[in-house]
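There is one chain below, alone, in structure tokens, taken in the form predicted alone.
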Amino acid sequence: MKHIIQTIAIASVALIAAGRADAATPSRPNIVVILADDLGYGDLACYGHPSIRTPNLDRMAADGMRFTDFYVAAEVCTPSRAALMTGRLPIRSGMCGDKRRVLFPNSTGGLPATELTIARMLKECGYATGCVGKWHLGHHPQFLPTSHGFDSYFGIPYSNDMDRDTSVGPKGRAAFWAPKSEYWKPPFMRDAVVLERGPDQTQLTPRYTAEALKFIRAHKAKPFFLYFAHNFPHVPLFASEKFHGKSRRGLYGDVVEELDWSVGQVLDTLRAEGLAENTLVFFTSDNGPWLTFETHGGSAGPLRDGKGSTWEGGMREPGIAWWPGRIKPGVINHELASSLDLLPTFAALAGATLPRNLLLDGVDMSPLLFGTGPGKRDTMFYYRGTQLFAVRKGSFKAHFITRSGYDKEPPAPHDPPLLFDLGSDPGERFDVAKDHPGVLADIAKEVERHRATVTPVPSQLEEAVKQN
């Protein structure tokens, strides 16, 4: 197993000092991560959607690199975002659970201070660090972005459907079909201060975008890291007047088309400020589409199921990398890559140091990004909560347990496991286990090696809940 665990043994203090000394050199690129919420694999035109217009993301993909097999590390928000920010599977940090799958407003836990984040790593190298949008890794002061290496934060600390004001509007899911912003009262924050309760959600994307552009312009003289994490297209769906009612895909399409506009604003600003040739921008989503919300949910395209499941539609996402002059236009077909890989990739690009004996589940994607060699990842582990449901190695994926994202049926164990060849069957329709006993045996060995590295830790989602 050549990629799942990297043991980094470097003299931390000396190299961190060296990193700070070189922080202003032009070789250190600016880094921007743009994250959508609940966007499906098939929701962008450049990934095959027939009616949602995404010209800016399409251009980003045409001018940069589009991944066909890009994965996130979890099927729902909190664990997926924790994995992106740390390069570690959430089972290692406690940022997953089997009863509570994400953090809620009454949760008292969050991302532990012992976890190294992308922001803290890059800040040690002299980067300005800013977070705009949805955090969802803990909303108490010790867990906020400003406690995890970010110089600034502006946004909602969890999902936009939380803090429902049940005194107004229709009950239950009826509130989502014709949503009004006053039905929800999440906190809108700057740094650790709540600016308002129940912000106008039709203005979230424009407000976030304005803040992101402000951050870019304010820090253009030194290296910066911007984590721009949207609340949409997670329900309830809201679009500003400029985009509302304009798409052929209804409100969901309106929202995605406004996100596309936002991406265009970021790329245009980088060009206008003369920063494009020294900035890596990466776009993806935290998990697949919330299919049970029907027309208010997205599409996984040819993939099976969506958010909440470890079928491909739950964890395979759009992945687009853009860096004019450094990343050659192209498509990375069938090479595995993951949000877990962002931290080690950024570490390599920034000359950052990782602590001695840090166990990472990510690998440096630089060979793929810059065309210098094959990718370093050949395996992907699919967790649902604390349980390992599936493993992909090469083109084959074995399912030990299956369960749809949000149905009430119990999980279905499989012995022998189901096996699908994703190269020829990305929709996971045809079980080929009987034809490939050697593949199953090889994957079983990968699982054994992986589990030997996992040390159980308390769940931040389940054990730290405020009792009402």
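The numbering used is simple: start at 1 and walk along the sequence shown. Everything numeric in this text was worked out from a predicted model, so none of it was measured.
We do not show the form predicted in complex with another copy of the chain, though everything after this point is about it.
J.: Quick one: does residue 41 come within 4.5 Å of another copy of the chain in the predicted complex, counting heavy atoms only?
T.: Output for residue 41 is yes: heavy atoms within 4.5 Å of another copy of the chain.
J.: Give a yes or no for residue 98: in the predicted complex, does one of its heavy atoms lie within 4.5 Å of a heavy atom belonging to another copy of the chain?
T.: Residue 98: no, not in contact with another copy of the chain in the predicted complex.
J.: So, residue 372 and another copy of the chain: in the predicted complex, are they within 4.5 Å at any heavy atom pair?
T.: Judged by the heavy-atom cut-off of 4.5 Å, residue 372 is well away from another copy of the chain in the predicted complex.
J.: Is there a heavy atom of residue 442 no more than 4.5 Å from a heavy atom of another copy of the chain in the predicted complex?
T.: So residue 442 does not count as contacting another copy of the chain.
J.: Quick one: of 66, 399, 28, 403, which gets a non-hydrogen atom within 4.5 angstroms of another copy of the chain in the predicted complex?
T.: The residue in contact is 66.
J.: With another copy of the chain left out of view, which of 291, 354, 216, 119 would have a heavy atom within 4.5 Å of it in the predicted complex?
T.: Of 291, 354, 216, 119, the residue with a heavy atom within 4.5 Å of another copy of the chain in the predicted complex is 291.
J.: Just one stretch in 68 to 76, 147 to 155, 110 to 118, 202 to 210 has heavy atoms within 4.5 Å of another copy of the chain in the predicted complex, so which one is it?
T.: Going through the listed ranges, the match is 68 to 76.
J.: Does any residue in 216 to 255 get within 4.5 Å of another copy of the chain in the predicted complex, counting heavy atoms only, and if so which ones?
T.: Result: 248, 249, 250.
J.: Please check whether, in the predicted complex, the CA atoms of residue 333 and residue 225 lie closer or farther apart than here, given a change of 3 Å or more.
T.: Nearer in the predicted complex, by 3 Å or more.
J.: Since the Cα separation of residue 328 and residue 333 moves by 3 Å or more in the predicted complex, tell me which way: closer or farther than here.
T.: Closer, not farther.
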